[in-house]
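Next up: the same protein chain in two forms, each one alone, written as structure tokens (structure 1, then structure 2).
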Structure 1
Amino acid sequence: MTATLKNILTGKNSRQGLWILPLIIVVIGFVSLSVSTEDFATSQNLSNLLKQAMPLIIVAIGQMIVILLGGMDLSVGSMISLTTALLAIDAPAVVTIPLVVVAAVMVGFINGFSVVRLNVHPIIATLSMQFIVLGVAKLIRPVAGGSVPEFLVQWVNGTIFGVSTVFLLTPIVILIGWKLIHGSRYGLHLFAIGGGAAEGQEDAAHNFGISDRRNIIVAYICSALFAALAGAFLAGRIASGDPNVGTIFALDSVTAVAIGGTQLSGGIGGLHGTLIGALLMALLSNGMNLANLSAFLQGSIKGGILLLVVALQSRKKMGL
């Protein structure tokens, strides 16, 4: 029992990463903010916190799928922006929503194809795609504005039976992510492919009969689809299209995944860690806002905490 606890605390030999450390920070942050700030533990603020974390949670799940393979998707931010821009064009939702899905599948497919068929490094492939998609988003909507389908705004900001819809949406998204990563054959393949890549044996999974190329392309498509879902949620939040709104999510999603213990080299990570990572980032922003920390200081504090958490989670420390 003691050995198991020690392994959890240190992440020793864990394929799910050192997620306990960010969880401890989240719990400490939650308790200390509840005690020190009277506005924190209110239902209004907790609802705000979840709404603020939600887009990052969604996009980070998609990002994690790609990172588990040893890849990275830097085009998710632009995909979010493109989604809001498409949803704000002057057309009915029956047109714009399928358009978003088609765009996401195309973007994900081209990313995956570039990586597995053209042998472009994932960072370069998705960085290029980031610029392409951003350009398209700015062509569609050069300036923030327009209006998105009203049901989307209601869905994101409304309530069902007195409960904020975000409280209902969160478990659904988590369940989908959980099924995909930890509850399916596809999830096992992700760990297998990523584990091989981390050891410098990219064809290890392939040698065991796993179709690595197809799985990688599917992973990038999943990432783009999750980004599109995050974009739809954000479009409901801002009630308009904005070609720049997703920019920050490219790196934030990687950061949330890394904080949660997923190794950027692939093969190690867990959905719960990613959720904790995304929650920690939202908690930091919300907590510092409520603690009335100087706008000049907030960025530095956030960066310092992120550096500390990620530095404590190296693959070497886990013995893998």
Structure 2
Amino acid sequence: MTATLKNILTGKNSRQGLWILPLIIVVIGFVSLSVSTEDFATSQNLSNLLKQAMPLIIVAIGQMIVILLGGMDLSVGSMISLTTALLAIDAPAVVTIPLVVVAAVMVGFINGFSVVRLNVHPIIATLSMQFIVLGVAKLIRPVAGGSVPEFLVQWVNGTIFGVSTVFLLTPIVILIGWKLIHGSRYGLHLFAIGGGAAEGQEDAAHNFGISDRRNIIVAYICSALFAALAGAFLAGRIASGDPNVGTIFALDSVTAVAIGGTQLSGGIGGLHGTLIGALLMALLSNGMNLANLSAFLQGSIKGGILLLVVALQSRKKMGL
């Protein structure tokens, strides 16, 4: 009985990884903040909490797709910034939105191509792309400003039948992610490719007839598209373009995925764990903001959490 409980709490021998313990921490944190902080449990703050969590949930889903393969996408933050910059240029939505989609596909394709064809390590490939995309974003929008399409602002901040659109959009995004990762043949291929990579057998999936190179490129394209969607959400929320708004999401998305039990070596993870990890990160940020902690200290705490989570992962081969 004790061994079974330990396996559940640690995620040992589970394909979905460690997610029960983070869920317990989320519940404890929610209750603690509700008791200790008067402003936390208000409807306004809870609505803001979901709005804060939404971009991270979106980008973390895309990040998880790549991490399941044993990769990592550090360019998602810059892709978010580029999206806000493109949406804030002086052009109609019929021009800017397709432009964002094309840019995301190009960024994702180059990332995937660099990894599978040029044999560049995922961290190096996406870190290089991070600076390239950030440079383009700052060239388009050197400082925060401009205006995004009005319908986007209403889409993010409006209501439908008295219900905030955020509450309606969140399950739609989650269902799309669930279909990709757990409800499709492509999702099975992700686990197969990542499982082989985690065991040091990178060609295992290929030997069973799975097109690993194509699937990896598609994974990086999906990651960039989810980052672009998160960028569109943020652009609607702040109603302008900002070349620095996506900076924190590279670290936060990886941390959210890792907290949720997805192994950075690949092959193990569950979308529900990633959602729990994203909610925990949003809860942590909200609590630290209410406590008036400096942004520098918040970054240090998040970095420490990522280091701790990775150190606790039980796989012998980390892959990264």
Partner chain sequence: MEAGTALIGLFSREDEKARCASLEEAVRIMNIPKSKATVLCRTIIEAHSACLGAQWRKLMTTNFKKVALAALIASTALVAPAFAEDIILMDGVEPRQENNSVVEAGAFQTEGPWKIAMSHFGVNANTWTVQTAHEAQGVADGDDRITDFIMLDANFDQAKQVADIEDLIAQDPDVLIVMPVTGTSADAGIEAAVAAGIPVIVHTGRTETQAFTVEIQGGAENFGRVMGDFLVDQLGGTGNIWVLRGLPSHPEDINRYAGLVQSLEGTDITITQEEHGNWVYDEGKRVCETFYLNDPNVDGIWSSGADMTRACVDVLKQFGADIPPLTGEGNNGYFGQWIEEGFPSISAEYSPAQAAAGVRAAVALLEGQELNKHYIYEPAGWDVAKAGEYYRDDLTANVWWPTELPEETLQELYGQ
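On a predicted model such as this, the values are computed, not experimentally measured, just so you know. Numbers given to residues start at 1 and step along the sequence of structure 1. Only the largest set of C-alpha atoms that superpose within 1.5 Å between the two forms is called the rigid core.
Taken from the structure described as the form predicted on its own is structure 2, whereas structure 1 is drawn from elsewhere. Once both forms are fitted on their core, the CA shift for residue 25 between structures 1 and 2 remains under 2 Å. Core-superposed comparison between structures 1 and 2: CA of residue 41 displaced by 2 Å or more. Once the rigid core is overlaid between structures 1 and 2, residue 265 does not reach a Cα shift of 2 Å, moving by less than that.
On rigid-core superposition between structures 1 and 2, the C-alpha of residue 287 is found to move 2.8 angstrom.
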